[in-house]
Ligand code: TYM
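Taking the form predicted alone, here's one chain by itself in structure tokens.
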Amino acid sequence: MNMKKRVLSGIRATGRLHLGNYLGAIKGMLELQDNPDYENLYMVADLHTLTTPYDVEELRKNRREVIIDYLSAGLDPEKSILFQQADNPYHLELAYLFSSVMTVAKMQHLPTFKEKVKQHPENVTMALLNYPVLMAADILIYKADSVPVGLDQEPHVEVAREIARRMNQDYGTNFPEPKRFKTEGQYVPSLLGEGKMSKSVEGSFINLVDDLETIKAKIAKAPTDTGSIGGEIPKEGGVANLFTLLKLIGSDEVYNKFILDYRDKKIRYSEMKEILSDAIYKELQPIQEKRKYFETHPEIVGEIIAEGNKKAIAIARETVEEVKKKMGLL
């Protein structure tokens, strides 16, 4: 009997991974894969990509690119199951079964749904409305009890908990109520001065493949307040974001130096940006080196995906059969 706790997380296939994904999700994944108490499953959430407008050829390419990014960042197929969501048909089957215990009203009231409606008013699809139900299926199909995702995904994890409770009450299933596994970088700020780093907001993010010059150019454009300096660090805005990034990626010593410089009104933002750019590049260099290896060995990537899909499907099939029996479908 497998007594390990299971962990599931995924990243949408909407483009190359960026620093926000790395600090917000992947660092948590790496921490968990080295913990012997956990069995880890990390997927490319390609089905979730269909919830907003996308390019078919881009998706085809990105499904593989995300796996390469995972491998480059240090996820190890010997320790974690890496797979593509769309290759496992049981996710969609379980999502449909789960949709029978979740109301439309609940889905429409989620802050993430409202936000996407504003972003894409012409594309409010059933897939978008069902996104959290599919996410609940992604998690619960593996009976995962920890989900290392960003702070903005908390409402979706709550939906998964609610579905687990409903299924357990109504049908006598034994789903755990999953919790969000908090990572230090659970909120990585945008380079534009407000909001979080996001693939859908141009200029807000640093790609894992960016070279030093690109990073410097992006950080140089990050806004700094023109107002007064001195006293406490501002809670929001460009300066606050630079300090948050420095705390996530730099040393405590450097971070504390700039805090004092700010208080003493002698901070030089150009110097701070230079040091921050170097620290980011230093963190990304080993990832970029590893990426070169996987880009030049496509057959190894193909084998890892095939093996990961096979393992994920075997676990998922068992759960769906169990649910169908309990619901009177088998």
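All residue numbers are counted from 1 along the displayed sequence. Quick caveat: nothing in here was measured; it's all calculated off a predicted structure.
The form predicted in complex with tryptophanyl-5'AMP is left out here; the points below concern that form.
**Student:** Each of 232, 265 and 268 within 4.5 Å of tryptophanyl-5'AMP in the predicted complex, by any heavy atom, yes or no?
**Tutor:** No, because 232, 265 and 268 lack any heavy atom that approaches tryptophanyl-5'AMP to within 4.5 Å in the predicted complex.
**Student:** Out of the stretches listed (254-262, 117-125, 137-145, 233-241), which one is close to tryptophanyl-5'AMP in the predicted complex, meaning heavy atoms within 4.5 Å?
**Tutor:** So the stretch in question is 137-145.
**Student:** In the predicted complex, does residue 79 have a heavy atom within 4.5 Å of tryptophanyl-5'AMP?
**Tutor:** The answer is no: residue 79 has no heavy atom within 4.5 Å of tryptophanyl-5'AMP.
**Student:** Is residue 18 near tryptophanyl-5'AMP? Define near as a heavy atom within 4.5 Å, in the predicted complex.
**Tutor:** Yes, residue 18 is a contact residue.
**Student:** May I ask you to check whether residue 191 falls inside a 4.5 Å heavy atom distance of tryptophanyl-5'AMP in the predicted complex?
**Tutor:** Contact check for residue 191: no, nothing within 4.5 Å of tryptophanyl-5'AMP in the predicted complex.
**Student:** Counting only non-hydrogen atoms and a 4.5 angstroms cut-off, does residue 8 reach tryptophanyl-5'AMP in the predicted complex?
**Tutor:** Yes, residue 8 is a contact residue.
**Student:** Here the chain is shown alone; which of 175, 83, 98, 131 has a heavy atom within 4.5 Å of tryptophanyl-5'AMP in the predicted complex?
**Tutor:** When tryptophanyl-5'AMP is considered in the predicted complex, the option within 4.5 Å is 131.
**Student:** Work out which of 164, 206, 149, 94 lies within 4.5 Å of tryptophanyl-5'AMP in the predicted complex, going by heavy atoms.
**Tutor:** Checking each option against tryptophanyl-5'AMP in the predicted complex, the one that comes within 4.5 Å is 149.
**Student:** Using the arrangement in the predicted complex, list in sequence order the residues of 12-50 with any heavy atom within 4.5 angstroms of tryptophanyl-5'AMP.
**Tutor:** In sequence order, 12, 18, 20, 21, 24, 25, 43, 45, 48 come within 4.5 Å of the partner.
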